[in-house]
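One chain comes next, on its own, written out as structure tokens in the form predicted on its own.
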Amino acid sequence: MEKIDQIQKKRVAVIGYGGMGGWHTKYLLKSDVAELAGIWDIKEDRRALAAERGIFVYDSFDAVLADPTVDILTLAVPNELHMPMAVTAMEAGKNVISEKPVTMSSDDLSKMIDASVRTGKLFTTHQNRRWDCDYLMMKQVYASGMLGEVFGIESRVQGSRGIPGDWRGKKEHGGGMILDWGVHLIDQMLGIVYDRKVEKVYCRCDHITNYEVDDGFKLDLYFEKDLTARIEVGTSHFISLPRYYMTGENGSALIRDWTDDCRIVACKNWDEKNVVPVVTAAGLTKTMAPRDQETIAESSISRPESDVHDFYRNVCLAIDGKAEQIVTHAQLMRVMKIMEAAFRSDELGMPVVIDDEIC
């Protein structure tokens, strides 16, 4: 990242002062590269809350667009509003950051990308979970080759509180766990497996507490060269499986939860002598017997330093032509196409071949 003093500070207006809108304003108020110009929210109580906190509140969305000092609009509004508001903002001369999911279809995303190209304004999405430490560690393991040829990766987020009772439970607002959490986990998986294309997907959605949208899912991505990735989100799990698990021809890597380091067990010698069988209730097994310490090597990767505000630093540099934007249009479209294929697979009850070149 460039030195902070080389970044020309930008003024940002946040549209929507709910959960993520509040998150953005919090970070912008202490940013070293961006300044909060103010907020706009359609709800009077949200505008009043922002004013009580000393934040400037615009009179309308049009007033934000008319403010010549605003460089960037961050959209933290319901998902179905992302496309029309983003296109309008870019046509008004503003750069745009959209919260995820960027929008609800690849057709709408194409309109947003076209507007960016046509107006010359930056358009991107806040894929903040690219700064999650668990993801960064797994990305390091894969790129290092320490496990040999990787053939399986599992990524899971599981909780027990059901799907939230806000927009996430409504289809018209782009609710459901594929669009809420899946968009992050798919983006992460594509960041880990950077060197292979997805050939097909198979998805099964859960409807345990919500029948309008998925309240969980199991998505298998079949990459080139026989690598399969399982992405799973559950909202009715009282015992969670590990956050990440990766296995290759020479070892395995495990991250149990958000706060865990990455544990790695690699094979030093395949030819273990005198294997002691495991005694099970119904007999003996050498196949599943644990290895001794003479044939394996254990190591770990500690949680790295990570600063999610590097996202805004990159956006400010990219606007000035000093850096390429981190979250690209092609990456956004790739994730969107895979989510659409996941929905189609669940509807058909069968795997769906990905024939789009971008995937």
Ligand code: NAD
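The numbering used is simple: start at 1 and walk along the sequence shown. Because the structure is predicted, anything quoted here is derived from the model rather than measured.
Absent from the display: the form predicted together with nicotinamide-adenine-dinucleotide. The rest refers to it.
- Of the candidate stretches 255 to 263, 121 to 129, 233 to 241, 154 to 162, only 121 to 129 contains residues with a heavy atom within 4.5 Å of nicotinamide-adenine-dinucleotide in the predicted complex.
- nicotinamide-adenine-dinucleotide in the predicted complex is approached by residue 101, whose closest heavy atom lies within 4.5 angstroms of it.
- By the criterion of a heavy atom within 4.5 Å, residue 79 is counted among the residues contacting nicotinamide-adenine-dinucleotide in the predicted complex.
- When nicotinamide-adenine-dinucleotide is considered in the predicted complex, residue 349 lies well away from it, no heavy atom lying within 4.5 Å.
- The closest non-hydrogen atom of residue 42 lies within 4.5 Å of nicotinamide-adenine-dinucleotide in the predicted complex.
- The contact residue chosen from 166, 199, 272, 220 relative to nicotinamide-adenine-dinucleotide in the predicted complex is 166, the criterion being a non-hydrogen atom within 4.5 angstroms.
- The contact with nicotinamide-adenine-dinucleotide in the predicted complex, taken as any heavy atom within 4.5 Å, belongs to 85 out of 85, 190, 97, 115.
- For the partner-free chain shown, nothing in 333 to 359 comes within 4.5 angstroms of nicotinamide-adenine-dinucleotide in the predicted complex, judged by any non-hydrogen atom.
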